[in-house]
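First, one chain by itself in structure tokens, the form predicted alone.
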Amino acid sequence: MPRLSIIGAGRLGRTLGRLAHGAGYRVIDVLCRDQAHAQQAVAFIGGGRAVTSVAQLIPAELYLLAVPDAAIADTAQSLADARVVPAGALVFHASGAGETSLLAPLVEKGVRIGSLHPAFSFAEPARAVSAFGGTLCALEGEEGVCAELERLAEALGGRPFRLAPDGKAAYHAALSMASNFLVTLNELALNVAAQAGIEPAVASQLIGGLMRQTLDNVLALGPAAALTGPIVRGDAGTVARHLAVIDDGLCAEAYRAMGKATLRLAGERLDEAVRQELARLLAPRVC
């Protein structure tokens, strides 16, 4: 099996290292700035040497850069400068936002580069190891690189898929919208519910329960079929009353922005006169 070195052994590095070791990959080096941290990581992974500098790395076929996003480019440059990665080896990072091009300094040394991002929360390594199976893993790189990373992802228990060239930024934006904005939407809805005098505990159950039901419908039916509410019904009067009662400017702005996107999703189910009236109501307000 290929030899794997791990540079940066935080929660993600430890989890993937242990899964790789369990799948038969030979973890040979685990690099951290602190020796004790490196030794703890080696103990968790179940194999490898604890090292603290790139100069100590011995040749491998695969190198995982599990360092913070801001450190990827500098780490790649350090590896290139130290000339410790043999030509033909594959260096890949696990960033969701960073492009493979962050590893560009290694290319002129004959090193192949790529990225493998597991769409998974690595809050606690031991729990992550047991729950990782079936995780979707986004791959980026040239054909041969993606083929090799597919084998690794499958060995870890993941489900790999490939991104289009230069698709990493759009991929990460989609994840951020789906995850972060859902949280924000919940908070905005709770703020408006408070205007109705609903107790916070009741509002949390009311809004959370509806969001959960709606998400289930979206996943089962798709966005267009799952869409309900006043916009898709063409009920401009209700939309106007909503906007009149929301007293928080940011909530009203969010309602208009999401309403415009909902109007587009409603598509041909609305006649043109109703569409124009809704578009007028949902247009941004000029201060």
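What you see is a predicted model; the values in this text were computed from it and never measured. Residue indices: 1-based, along the sequence shown.
Keep in mind that the form predicted in complex with a small molecule is missing from the display, and what follows is about it.
Proximity of residue 235 to the small molecule in the model of the complex: non-hydrogen atoms within 4.5 Å are absent; the residue sits far from the partner. Not displayed here, the small molecule is kept clear of residue 253 by more than 4.5 Å at the level of heavy atoms in the model of the complex.
The small molecule in the model of the complex comes within 4.5 Å of a heavy atom belonging to residue 68. Among residues of the shown chain, residue 121 is one whose heavy atoms approach the small molecule to within 4.5 Å in the model of the complex. None of 275-283, 262-270, 7-15, 20-28 except one has non-hydrogen atoms within 4.5 angstroms of the small molecule in the model of the complex; the exception is 7-15. None of 94, 84, 106, 189 but one reaches within 4.5 angstroms of the small molecule in the model of the complex through a heavy atom, and that residue is 94. Residue in contact with the small molecule in the model of the complex (any heavy atom within 4.5 Å), chosen from 79, 72, 153, 113: 72.
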